[in-house]
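Same chain, two forms, each on its own as structure tokens: structure 1, then structure 2.
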Structure 1
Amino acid sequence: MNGVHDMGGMHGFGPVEPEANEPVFHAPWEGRVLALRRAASAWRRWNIDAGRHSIERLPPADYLRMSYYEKWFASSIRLLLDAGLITPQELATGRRDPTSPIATPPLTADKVPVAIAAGGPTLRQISAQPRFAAGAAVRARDINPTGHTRLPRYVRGRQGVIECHHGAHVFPDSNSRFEGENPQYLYTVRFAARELWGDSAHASDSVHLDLWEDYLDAA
């Protein structure tokens, strides 16, 4: 979707400032937010793409002012409410709603190492053959979806070259809407910097993006 989160190629946000010896968490509450998100996700009321979309749905002013884990916390509240795992009363009071049923959490402490090791693989087997081969010229489709997409605005309508494919993976656009995984081939596409940014870009620079087949047309 065309929101403030799609910052690729935008000016005005200042340089990226790497932090020397950056800690995993800057404050204990950030670790708790990560744990909360992992534990809540184990209920399987949403998927990773719906989770990403919940961050994109934050009000623009909030998205721009919030830190990384503040965004996670706000989106987790939205997901929990939408899934019916908490009630507005519980959110407002911090106490369990006595009318809500008590359920056993699916992710207990002893299961955490196994869950982390398993991850969330998205590779799938499909019978279709890849539409594009390495070296093929492609053009990113010029689309403006209102829902979640992994196709950034700054490459839409731009021409690139297929570097390789990574097999078929869950398609995030449909998965985020709970319309099915729709697995399809995922390609690494190389875009020349001048194709994206014009003659002011360095001639030898390029950007590599992993893009799904539905995002691409033959050039």
Structure 2
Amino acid sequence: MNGVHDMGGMHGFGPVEPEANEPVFHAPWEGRVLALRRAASAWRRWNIDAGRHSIERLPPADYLRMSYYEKWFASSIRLLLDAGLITPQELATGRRDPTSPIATPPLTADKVPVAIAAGGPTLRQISAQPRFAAGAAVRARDINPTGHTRLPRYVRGRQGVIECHHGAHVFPDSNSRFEGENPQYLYTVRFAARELWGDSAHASDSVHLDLWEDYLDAA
């Protein structure tokens, strides 16, 4: 979707402001939000792409105003409701619907180290050969899907060069819609900064993106 989350190249957000001696969490609730998301994800009612899309779908003004963990919290509520793990009534009252069964959590403390160390690899084996070889000229497609995509606006229609491929990876556009992993080759594509931003960019600079085969045409 052409959302406000797709920020590459925008102006007006001011300087980058690093914080000295920044803590991992600025308040305990931030850590709880992270942990709740991780633990609730273990129900496998959504995937990482649907999770990202739920953040992208926050109203644009809210997206810009909220902190990172506020966004995660709001999107987690959305995911829990959409998955039917909680009901609007339960959310409003903060109490379990007494007629609903009590579940057994899939992620217990003893499983946390293994779950974090395993992560969720997206590499898949496919029989097809890569369409593009290293050094090939490609053009990012000018697509404007209303759903989740990882093709930023700032490269659409622009020409780049294939640096390498990383094997076949789960395709976020379909996976976010629960329409299957559709694994396909993932390439690092190098775009000259001037191809993206014009003559004001430095002649020797470049921007590298990881783009799936369905985002690319031969140039």
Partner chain sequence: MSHDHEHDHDHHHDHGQDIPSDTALRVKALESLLIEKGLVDPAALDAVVDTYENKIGPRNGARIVARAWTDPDYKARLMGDATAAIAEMGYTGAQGEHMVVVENTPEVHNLVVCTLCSCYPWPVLGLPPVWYKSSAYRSRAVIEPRGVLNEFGLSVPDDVAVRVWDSTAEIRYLVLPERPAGTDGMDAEALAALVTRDAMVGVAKVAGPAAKEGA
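Rigid core here is just the name for the largest C-alpha set that superposes within 1.5 Å across the two forms. Everything numeric in this text was worked out from a predicted model, so none of it was measured. One-based numbering along structure 1's sequence throughout. Shifts are known only where both forms have a C-alpha.
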Structure holding the form predicted alone is number 1
Return yes or no for Asp199: a CA shift of at least 2 Å between the two structures, with the rigid core superposed?
-> no
With both forms fitted on the core, give yes or no for whether the Cα of Pro23 moves by 2 angstroms or more between the two structures.
-> yes
Displaced runs between the two structures (core superposition; 3 or more consecutive residues; every C-alpha shifted by 2 Å or more) cover 15 to 23
